[in-house]
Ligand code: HEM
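Heads up, the chain below is alone and in the form predicted on its own; it's given as structure tokens.
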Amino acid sequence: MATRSDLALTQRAATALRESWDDLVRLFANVGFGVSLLAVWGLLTLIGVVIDQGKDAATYAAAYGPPGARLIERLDLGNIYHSAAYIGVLGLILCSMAAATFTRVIPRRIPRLGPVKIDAIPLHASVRVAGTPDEVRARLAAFFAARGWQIRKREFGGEEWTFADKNNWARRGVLVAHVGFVIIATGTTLYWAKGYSGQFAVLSGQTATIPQTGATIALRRFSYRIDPIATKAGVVYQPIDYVSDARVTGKDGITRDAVIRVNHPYDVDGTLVYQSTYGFAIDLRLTKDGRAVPGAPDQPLKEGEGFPIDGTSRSVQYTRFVGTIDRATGGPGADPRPNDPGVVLTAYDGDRPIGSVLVPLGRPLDLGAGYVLTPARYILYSGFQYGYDPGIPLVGLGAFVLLAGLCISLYFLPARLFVIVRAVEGGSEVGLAATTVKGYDVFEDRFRDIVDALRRSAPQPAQGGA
């Protein structure tokens, strides 16, 4: 049998637990805490927009340098929408919204019907009219109903109260907005659970595979169009269009012809494939004393790729394709189209760059010690991005619901009138008070008009009444 001290200890523990829970709920319901979580969520989303998602380490190293690439990899910033931090912040936001909804929003915006102290509410008035309280209540119900007010009656302590509401449905605008955010979070979570994205490049005549689905894309031919445009600053060369003529094989094993171009994604098994970029792969041939060197690249290299020179600490990177070499200066020309092409090669000793050189296509480059490197030819390749996001419909629906909730909250004014009728000498006295979810000032003029209209329409009490 539990002793009195055991019961007291259990009661104290339950009280402490309840107080801790109440403190936690108050923290999550705090507006500042919720706004802070939204700011963190916005920052993480912004990082995901600024930093290209789903890229490989070489891409990040080229864009942000080795230190930036290491930071992105360690913090998982290249996959931020799938990261534990992003999903965790969304979960905390949902908890904060739930706490604020049930402890602050619902009690304030959807208050229970109950008696109030009329004189304690800033917007209040009293009107004396003729008739018994029952007759006056019937006339009041008709008065407010004719003006579009919803009438409800309740009895408290033997007194009947009348509650008149206008735009009462709009009290739920904030709740609708919260529901919209929950739908958006659900769509984001669905992408986190089942969605994926990535990128790949395909050389003309070769085939690439989407690893998540096994679908293959064989690039038959890539074409592009670049037009010179005259501007005040000079002639600029603007890419107008790039198109991949491909053959796509999906899960059904059927191969279909596909034309994939910018802003026109191709749907294969629900995965959207986007034409994102293009480039020039270079067939580099390395020889020593006229013979092919082991370890030399056996396939064309894309920009940023390289290879080590066998037996040395040095390596060569294909850095950039130059469409037109300016013969007057020997440097890159403005026209990116391959009229007189060349490549920029960078030599490294370990991780340290030791020099770059622009080499015309087809011209051998003497590296010394019998080594000769020749950029033999270029091959166009097409860069694709792909993605599958089953949460997009939910995110779109959630955005619509969120916007609808905000419009309801901003453009409609829910108001409630508290009405009590009491018998007085010579008739009845009507006490009115008004509240809104946006304070009292915004409803002051309308409340005055209601009171004036009530005075004009109501029969006056008999002479000599108090």
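In this text, the rigid core denotes the largest set of C-alpha atoms whose superposition between the two forms falls within 1.5 Å. Treat the numbers as computed from the prediction; the structure is a model and nothing was measured. We number the residues from 1 along the sequence you see.
What comes next is about the form predicted in complex with the named molecule, which does not appear here.
**Q** Using a 4.5 Å heavy atom cut-off, which residue among 261, 288, 314, 104 comes into contact with the named molecule in the predicted bound form?
**A** Partner contact (heavy atom, 4.5 Å) among the options: 104.
**Q** Within 4.5 Å of the named molecule in the predicted bound form, heavy atoms considered, which of 117, 108, 327, 221?
**A** Residue within 4.5 Å of the partner: 108.
**Q** Is there any non-hydrogen atom of residue 97 lying within 4.5 Å of the named molecule in the predicted bound form?
**A** Because a heavy atom of residue 97 falls inside 4.5 Å of the named molecule in the predicted bound form, the answer is yes.
**Q** So, residue 178 and the named molecule: in the predicted bound form, are they within 4.5 Å at any heavy atom pair?
**A** Judged by the heavy-atom cut-off of 4.5 Å, residue 178 is in contact with the named molecule in the predicted bound form.
**Q** Residue 409: heavy atom within 4.5 Å of the named molecule in the predicted bound form?
**A** Heavy-atom contact with the named molecule at 4.5 Å: present for residue 409.
**Q** Report yes if any heavy atom of residue 210 sits within 4.5 Å of a heavy atom of the named molecule in the predicted bound form; otherwise report no.
**A** Output for residue 210 is no: heavy atoms all beyond 4.5 Å of the named molecule.
**Q** Among 63-71, 43-51, 418-426, 23-31, which stretch has residues with heavy atoms no more than 4.5 Å from the named molecule in the predicted bound form?
**A** Contact criterion met by 23-31 only.
**Q** May I ask you to list the residues of 374-403 that have any heavy atom within 4.5 angstroms of the named molecule in the predicted bound form, in sequence order?
**A** Just 402.
**Q** Is the shift of residue 111 between the shown form and the other one large enough to count as movement, that is, does its C-alpha move by 2 Å or more after the core is superposed?
**A** Where the cores coincide, residue 111 still shows a C-alpha shift between the shown form and the other one that is 2 Å or more.
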